[in-house]
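Encoded as structure tokens, the following chain is the form predicted alone, with no partner shown.
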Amino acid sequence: MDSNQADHITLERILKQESGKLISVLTRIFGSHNLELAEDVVQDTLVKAMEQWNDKVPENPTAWLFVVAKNKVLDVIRQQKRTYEFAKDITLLLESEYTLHPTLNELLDESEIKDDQLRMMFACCHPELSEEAQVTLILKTLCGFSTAEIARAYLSSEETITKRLYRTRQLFREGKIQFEIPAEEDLPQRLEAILTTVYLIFNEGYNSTHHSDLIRQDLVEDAMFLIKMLSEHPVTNHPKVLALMALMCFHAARIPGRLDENGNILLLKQQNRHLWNQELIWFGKGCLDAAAEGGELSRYHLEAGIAYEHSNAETYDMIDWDNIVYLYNLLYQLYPSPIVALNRAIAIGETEGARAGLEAIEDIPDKDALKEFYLFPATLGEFYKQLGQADIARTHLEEALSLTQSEVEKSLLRSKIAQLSAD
């Protein structure tokens, strides 16, 4: 990568992150029913930045963008105040020239911006919206993804994403989604929806099911940005937020060792642990310790504990699989699901051998729900391979091959099948 390409990527990242701040603030000013107006003003601001930053990015790009956006907001309010109805609680303040500037200056204050970003996260993950609409909207508004980028990330068409965004914005136009931080009694449920969405984005980045690349670093970074924002805000600095941050840190730290130089998957046992980001692991450990002080035990606490055991061991042979099985037992007891049960069976296979792992799989009560999940037959194939039953192993691995869309995962499965023939 030459310096021009690096500068372009840096510029793109700045504009994406700042666009999320700007849309949040402008939605606060214009009202959630005018979300599209806020997006249009931000788009005009970013276009101007791209035109004028061609030669050099200003020393304080955030300040530059906010000054330009503020001037555009002033133009819109002065020209359209009889056409648009802005945010109800500040409309009167926006109508008078005496109060217009002070009001905008107050709303553009750094502390207010953080509150507005949080309000936008709650709006994006409103219960009126489907899970896929929540992910799409958060990528569009807070992470600055274009429609084409969202379509590529989730192997969909731009037309589909455009229609999904139109339907979502319709709910905003109709005033069904408020731009607010929920009341205390509603906060836990609404926060859970945000965490689910952030974790979905992270998982798609960490192990992409919709893209030719196994790892989508842009999605990982955006999910980390969102969880950091939540962890730093006093309203959402909850133990389960810190636990999810710890979990994402442990996974993200291992990314540099997950692929070989040709882009092939390296299994945990094969990975060079010296490539892992130790600073991120220790930061995650600090988050997990802080999360443990809250008197709350969420699924993120338990998953982070499991991920820490993987990350903390100096070698693969030093992993404490007994403790991992214990944590999976607790996780399944509190949050039972077929996928948790499958992962628990894999851990049992590590401690007690392949036969015990197969028995744990056989005991999964609702394992039919895993029939379309490639990791289910892939795990069966691996256990039968360890037991020396090559024909059965091959059947399961070929089934797994037919279920995954990821070329990188297919390559791994093909190499395992070829190894069976060689043995």
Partner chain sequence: MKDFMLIYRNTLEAEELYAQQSPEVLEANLAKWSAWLGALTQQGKLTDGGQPLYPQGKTLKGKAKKITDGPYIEGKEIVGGYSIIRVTDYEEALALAKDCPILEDDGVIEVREIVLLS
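Only a predicted model underlies this, so the values are computations on that prediction, with no experimental measurement involved. Residue numbers count along the first chain shown, from 1.
Another form exists, predicted in complex with its partner chain; not displayed. Remarks below refer to it.
Legend entry - Contact test in the predicted complex: Glu350 vs its partner chain, heavy atoms, 4.5 Å: So Glu350 does not count as contacting its partner chain.
Inset, instruction - Could you confirm whether Thr99 comes within 4.5 Å of its partner chain in the predicted complex, counting heavy atoms only? - result: Close contact exists here: in the predicted complex, Thr99 approaches its partner chain to within 4.5 Å, heavy atoms only.
Legend entry - Partner proximity in the predicted complex: Glu158 to its partner chain, non-hydrogen atom cutoff 4.5 Å: Heavy-atom contact with its partner chain at 4.5 Å: absent for Glu158.
Inset, instruction - Would you please decide whether Lys81 lies within 4.5 angstroms of its partner chain in the predicted complex, comparing each non-hydrogen atom pair? - result: Contact check for Lys81: yes, within 4.5 Å of its partner chain in the predicted complex.
Legend entry - Whether Glu362, Asp368 and Leu370 all lie within 4.5 angstroms of its partner chain in the predicted complex by heavy atom: No, because Glu362, Asp368 and Leu370 lack any heavy atom that approaches its partner chain to within 4.5 Å in the predicted complex.
Legend entry - Interface stretch in the predicted complex with its partner chain - options 194 to 202, 90 to 98, 246 to 254, 233 to 241, non-hydrogen atom within 4.5 Å: The contacting stretch is 90 to 98.
Legend entry - Contacts with its partner chain in the predicted complex - residues in 299 to 315 whose heavy atoms fall within 4.5 Å: Heavy-atom contacts to its partner chain in the predicted complex: nothing from 299 to 315.
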